[in-house]
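Before any questions on binding or motion, here is one chain by itself as C-alpha cells, the form predicted alone.
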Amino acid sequence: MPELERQVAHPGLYRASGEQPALIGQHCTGCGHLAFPPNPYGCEACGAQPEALEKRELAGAGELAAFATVHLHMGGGIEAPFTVGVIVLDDGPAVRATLTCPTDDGLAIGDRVSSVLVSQGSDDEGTETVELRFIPHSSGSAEDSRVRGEA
C-alpha cells in the first residue's frame, strides 16, 4: 500500500519534522523574549523592530494551566464537544490548543502534555492533512492510543 503524503494544516505555526512536532515561535535578539505565534510587527516585550526577531523552534511539550470543554463550535475541522487547554510550554510561551481527550478523562491542572499530529483526512490525490493537538502524558484512552498509532 503506498504511503500517504502529509501536509500540516498550518505550516506557519508548527512543523511535522522530527519525532515530536515543534511549534514555530520567535526569539527577540534584543531582549531574549520568546513568543508564539510569530508576528510581523516586532517584539511584544521590548518593542524591538521586526528585524530583531528570529524564528525558533519551541518544545512541543509543557504543563496544562487551564482547560475547558467546548460544547458548541461553529467552525469546521472538529466536532464538539472537545477540550481546549492553555499550555505553558517548556520554553516559556503559553499557547491555547485542542487536547486529544475529553475534559472528564482525568485531566488536572499541572498535567504534562505533548504535541502530536492528528489526521484531518486526505484529498483525492492521497495527501493527508494533519493538525496539531496536545496529548496528556497520563492519558491512556483509546483515542490517545489511536493518535499514537498503537491501535
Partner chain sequence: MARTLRELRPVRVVGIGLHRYQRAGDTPYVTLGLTAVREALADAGLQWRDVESVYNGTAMLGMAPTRPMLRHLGATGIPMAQVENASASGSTAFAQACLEVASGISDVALAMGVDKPGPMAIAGAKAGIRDLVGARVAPFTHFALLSNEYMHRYGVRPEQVAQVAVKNSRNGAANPYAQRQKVRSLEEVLAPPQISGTLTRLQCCPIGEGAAAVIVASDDAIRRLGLAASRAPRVLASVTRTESVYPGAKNFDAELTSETTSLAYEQAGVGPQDLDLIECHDAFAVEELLYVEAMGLCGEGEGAAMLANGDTAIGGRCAVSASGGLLSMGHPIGPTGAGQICELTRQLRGEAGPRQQPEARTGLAHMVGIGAVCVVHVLQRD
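Positions refer to the first chain, counted from 1. A quick note: this is a predicted structure, and the numbers were derived from the prediction, not measured.
The protein also exists as the form predicted together with the partner chain; that form is not presented, and the subsequent description refers to it.
**Q** I need to confirm a contact call. Of T103, S122, T98, S114, which residue comes within 4.5 Å of the partner chain in the model of the complex, counting heavy atoms only?
**A** It is T98 that has a heavy atom within 4.5 Å of the partner.
**Q** Would V130 show up as a contact with the partner chain in the model of the complex if we use heavy atoms at 4.5 Å?
**A** No.
**Q** Would you classify N39 as touching the partner chain in the model of the complex, given a 4.5 Å non-hydrogen atom cut-off?
**A** Heavy-atom contact with the partner chain at 4.5 Å: present for N39.
**Q** How about T69 - does it come within 4.5 Å of the partner chain in the model of the complex, if we only consider non-hydrogen atoms?
**A** Judged by the heavy-atom cut-off of 4.5 Å, T69 is in contact with the partner chain in the model of the complex.
**Q** Report whether the minimum heavy atom distance between E44 and the partner chain in the model of the complex is within 4.5 Å.
**A** The answer is yes: E44 has a heavy atom within 4.5 Å of the partner chain.
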